[in-house]
Each structure stands twice: as structure tokens, then as C-alpha cells.
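Given as C-alpha cells, the chain that follows is alone and in the form predicted alone.
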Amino acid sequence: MSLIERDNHSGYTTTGHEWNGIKELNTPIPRIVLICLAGTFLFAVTYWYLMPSWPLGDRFYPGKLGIDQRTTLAEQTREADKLKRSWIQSVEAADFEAIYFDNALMAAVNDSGARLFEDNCSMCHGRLGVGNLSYPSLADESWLWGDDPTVIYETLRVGINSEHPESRNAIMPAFGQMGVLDAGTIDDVVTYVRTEARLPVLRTRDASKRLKAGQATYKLACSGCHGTDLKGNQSIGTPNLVDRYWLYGSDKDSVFESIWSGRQGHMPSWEARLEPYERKLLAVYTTTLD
């Protein structure tokens, strides 16, 4: 018969196992652990009884409380749709000025408008609307067709140089490739335009002569679209050439390329993809970018 050995310090018995003079104590499981295990078991049994849980073939045990997440989700979806329809109708009925002065509708613009912009516009114009090379910034003061939300709404509807039958059209002719202007003449126009835009221009002995020649060519070939003051024409979507915003770059080579090869930007029509209220939200949202 083996003797039970008790540790003099802790008062617990030993298990009889010993490693390198260290004896293992037969320490009981702490009571708090047993209480937690019992509580967990009781909670599980209660939850299984009250809530949907066990699968029963093609069904499941519904629970005594009768809670059904499908029903709850369907009800929440109906409420959300009802609320959404309410503010959509308000957006459709309100003019742009009324939207700006309605805090609830502007909240919809800042929320839903921002999501629409990220999903449909940010890949070209950037997430913050600051644009990229060849894609205009919507967060500055330079708008080809104007920054009025009514104009923006129409641009969203028909696009620019798009497949829409009512598309806005804006094409910079390829003066060089078409043989209208030779390289030297285009160089003179570049010098004139960049001088008027207060951009650095290489000064040469014949700079004054080239500047006058460029001015004369500009008046003949360019002023009809960009204006005699070089400030463009928003009614036909031509850019301002004397501000600090350049869609294709303001360096000499970029300006020369624009005149030599022409430019033809493209913006798709969103009429088939976006609902009228969505285009309305986007039109207002883009005017808030800065």
C-alpha cells in the first residue's frame, strides 16, 4: 500500500511524479474555472433552447423565442428602402438651389454622392477629384463647360465626344498633321501662348519677331475657339490658355504636341447607367470638391 505524501508548504498532496527533485502537486482545479465552465454549459443549453440552432434535415430548430434573422433582415431592408425612396423623391423634386440649402439632402449628397463618385468617376478624375494628366480636375476653378450644377448634370447625361446622339463635342484640330501649320509656325504660336500665360519662355535674338508672328497666327487659327483674350469659351468647351490649369501640360513640348497632333478627350454618357437622381447627386457633389 503506497503512502500519501503531502507537501509541507502548500498542504496539497503529491501525484508521485518527480523530475530532478521537483515533485508534482495534486493541485485541484480552481473553483472559478469550474464555475465558468458550468455557466458556459448552462448558457449554451439555454441558447440552444431559446434561439434557432440545431439543423433538422431540410429545416432547423426555430427556438422558443421565434426569432428569425431572415424576417428581421427583410424588415430592415423594407424600412431602408422606404427611407431611401423618401429622400430620392425629395432630390428628384428639388431644384439645385433647394438642395444646397437643405441639410438633409446635402447629407445624402455627401454620402451617396461620394459613393457614386468613387464607383463611377474616381478612376479618371481621382478619388479626391483632382484629376490626372489628360483628365481634368474637378476640384479647381477651371471648368471646360462651366461649374453650374445644371451644366454638369447635362454633361453627365450626354457625355463629351461620346456615343450619345446629343453628346457635347469638343475637338482640338491637329493643325500640324493636317498640314495647316508647319512646325516653325506652331513654335511661334507656342511662344506666344506661353508668354501670355506668363510661363518661362526662352529668349532669343528674334524673340520679338516670333512673338508677333505667333500672335498673328493665333488670331487667325485659334481665337475663334479660345477667344482673342485666350480665356476660352465654356459654351463650346474650349480651355482657358492663360490660367494656371493645363489639362495636357504647359511645357513647350506638350503645348506643341497639342497643336500639332490635336486633342480629343472623351467622357462617357451616364444616362443609361445612372438614374436621374444619381446624376443630380453627382452634379451637386462635384461642385463641393476643393
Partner chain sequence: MIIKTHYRIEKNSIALVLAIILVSGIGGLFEIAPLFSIDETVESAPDMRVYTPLELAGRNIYMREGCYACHSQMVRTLKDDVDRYGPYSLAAESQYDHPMLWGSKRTGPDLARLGEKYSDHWHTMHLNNPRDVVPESIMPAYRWLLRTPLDTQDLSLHLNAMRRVGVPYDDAMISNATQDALAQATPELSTSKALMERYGEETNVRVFDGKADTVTEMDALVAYLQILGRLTALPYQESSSTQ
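Residue numbers count along the first chain shown, from 1. Between two forms, the rigid core is defined as the largest C-alpha subset superposing within 1.5 Å. In this text the structure is predicted, and so the values were computed from the model without any measurement.
Absent from the display: the form predicted together with the partner chain. The rest refers to it.
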Legend entry - Joint contact, 101, 184 and 198 to the partner chain in the model of the complex, by non-hydrogen atom at 4.5 Å: no
Inset, instruction - Let me know the one among 220, 207, 123, 93 whose heavy atoms come within 4.5 Å of the partner chain in the model of the complex, would you? - result: 123
Inset, instruction - Answer with one of 171, 80, 180, 216: the residue that has a non-hydrogen atom within 4.5 Å of the partner chain in the model of the complex. - result: 80
Legend entry - the partner chain contact in the model of the complex: residue 254, any heavy atom under 4.5 Å: no
Inset, instruction - With heavy atoms only and a cut-off of 4.5 Å, decide whether residue 89 touches the partner chain in the model of the complex. - result: no
Inset, instruction - Would you check, heavy atoms only and a 4.5 Å threshold, whether residue 163 touches the partner chain in the model of the complex? - result: yes
Legend entry - in the model of the complex, residue 135 touching the partner chain (heavy atom, 4.5 Å): yes
Inset, instruction - Pick the stretch from 187 to 195, 70 to 78, 142 to 150, 207 to 215 whose residues have a heavy atom within 4.5 Å of the partner chain in the model of the complex. - result: 70 to 78
Legend entry - Residues within stretch 22 to 57 having a non-hydrogen atom within 4.5 Å of the partner chain in the model of the complex: 54, 55, 57
Legend entry - C-alpha of residue 276 off by 2 Å or more between this form and the one not shown on rigid core: no
Legend entry - Flag for residue 71, CA shift 2 Å or larger between this form and the one not shown after aligning core: yes
Inset, instruction - Could you check whether the CA atom of residue 56 moves 2 Å or more between this form and the one not shown, using the rigid core for the fit? - result: yes
Legend entry - Sense of the change in Cα distance from residue 107 to residue 82 in the model of the complex - at least 3 Å versus the shown form: farther
Legend entry - Residue pair residue 72, residue 107 - Cα distance in the model of the complex, closer or farther (3 Å or more): farther
